[in-house]
Structures are given as structure tokens and as C-alpha cells.
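Given next, in C-alpha cells, is a single chain: the form predicted on its own.
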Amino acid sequence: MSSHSANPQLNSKGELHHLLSIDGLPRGVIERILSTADSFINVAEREVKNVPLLRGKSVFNLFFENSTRTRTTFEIAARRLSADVFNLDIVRSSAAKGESLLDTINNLTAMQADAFVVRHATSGAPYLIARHTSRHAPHIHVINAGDGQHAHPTQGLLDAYTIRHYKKDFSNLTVAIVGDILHSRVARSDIHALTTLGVPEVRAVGPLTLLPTGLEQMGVRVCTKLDDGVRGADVIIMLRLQSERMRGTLLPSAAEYFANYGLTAKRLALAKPDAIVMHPGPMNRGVEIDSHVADGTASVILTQVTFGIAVRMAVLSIVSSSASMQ
């Protein structure tokens, strides 16, 4: 049996065939994605025209959960690789009329799909699709664009890419991830990416009600006070409060949350002088981040979006060049 058989993302040759989670990905695979993204930066920034790597391929964006930014950047990435892109309107599709997820996949497979980019509110949905296509259409690639509270691997990769761009090296960094970590698939993907790439100190910062158990086992230092979490940090990643995923009253109020965990210029001053501030978006100004910080010189939030196109181009090109699952 192949040593890669336990990882559903890799084919028998150890090539990346699906991107479902950063958890369990070898460091070399992650580094290849980041270095491949370097070659697409000029295309992402529109300094050079489209490249023909996916000409004749069909990429289907299957967003069962809304996300303008992620869907749009995947669409731009695929088009700049010269793919044919189809955005399935889930709200009006057969899935909204009761068709099962796998029936939807079967019908799209019959339309000669080559890749599915999947966002779903249920954790594990992209794995289900990948397992199904591996049996019935092994040439198809599945990319997880966010599933439930589980993973958002391309966001984790673009965050790692952004950090590498500004800090050059992961080996001496302190990275603080601040906010609603309990409900954040971005936080999980960031933690897996950064620890795999050798960041010596990753801090999870937030109120106890928004910190999941088991963080220490992931190699993370837990901080319940923002000042402690950002002091001396090289990178601060702010997270949005996932109010749509919260059950019960986990926080007294948005105002109180900002008073205790909002990133202000005064709190940013506790970090390294050259610290960068990141956010996966969309931002809640005045809740987790002050506008002066969001728009300030330390902020690289808009740069993350541009880098996201290059990273998603890299992922699409790498999986599409892999051999079929066996």
C-alpha cells in the first residue's frame, strides 16, 4: 500500500491531487505552492497577461455558502490560467430543490468538469466529494474553499505567503492569531500552515469562551489577554467574530469585545515596530479592529487579497498537473 494512501489529498506518487486541508500536508508540498505562487504574482497583479496552463479545462465554483471575496478570487485565478469557469447558482439550483450533494456532483461530472472549488457550511463536505470523485471520476480535482468550522486551506496558504513576503523567513517569528478562534476555519488552517513551516511561536489570543480546547497540542501558546498576545509579535492576524456560528451568549456585547480584544494603535504599539497586521475579511471595524489600524501603514490586508489570486492560481495549476487518483 502506498505511503500516501492515508492522505486523501495526495495521489500514489505523493502529488497534490485535491486540496482539502493543510493539516497533514508535507512541508515540501506547502513550500511548492508558495514558490509556484511567486511565478504568478505578475499575472495576479495584471502586469502580464493570462497564461494558458488550464486552457480547455472546466472549473466549477460550487459555493453552497456565500463568499464574494473567495469565490471571486478563485474565478479570477482560474480565468487567468485560461480555464473555463462556471459559477453554480446554488440558491436557484437543483440542490436548493432537495437534490443530494452527490447527485449534484454526478450531474456536473457528466458536464465534463475537471475541478470543483467547494465552499460548504458542513465540515467535511469537500472530503465527501473528493472520496466520491476518486471512485467515479478520478481525474477530477476538489479544492476546499472553506468547510464549516473545519478548514480554509487556501486562506491559510495565502496568509503564509503574505508573511513570507514581508518577513522572508519563518524560523524566528512570533505570530499572534486574535479573536474568535473557536469558530474559525481560517485560524485552524493558519495554525497548521505556520507550525508546519517552522514558526517557533504561534499564539492564540481571545476570551476563554472563544478558544477551543486542544490548542496547546497543536503547538500553540494560548493567551487570554490581548496585550500579552500581541506584545513582541511580528505578525498579528485579526479574525472576524463569527456571530452566525455562535450558539448562546458567548460575548456580552460587541462594544465590550472591542474594549478588551479590539486592535487599536495603542495595542499595536506593543508589537514589534515592523509588525504587520492581517485580516481574512470581511472586517468588522470597531469590533475586532480600529479603522486607524485597518487603514494604517502596518496593515497588509488588501495585499493579502492580491496574493490570494496568485496562491489560488498556484493551487489550481499544481493539482491540475497531477496524475489521477489511483
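Fair warning: this is a prediction, and the values are worked out from it, not measured in the lab. So that there is no doubt, residue numbering starts at 1 and follows the sequence shown.
In what follows, reference is made to the form predicted together with a small molecule, a form of this protein that is not presented.
Just one of S299, N61, S58, T70 comes within 4.5 Å of the small molecule in the predicted complex, counting any heavy atom, and that one is T70. A single residue from the set T133, Q155, S184, N144 has any heavy atom within 4.5 angstroms of the small molecule in the predicted complex; that residue is Q155. Contact annotation for P273: none of its heavy atoms lies within 4.5 Å of the small molecule in the predicted complex.
In the predicted complex, the small molecule sits beyond 4.5 Å of every heavy atom of S291. Remark: G281 counts among the residues lining the small molecule in the predicted complex, judged by a heavy atom distance of 4.5 Å or less.
Here the chain stands alone, but in the predicted complex its contact with the small molecule, taken as any heavy atom within 4.5 Å, falls in 281 to 289 among 281 to 289, 45 to 53, 255 to 263, 27 to 35.
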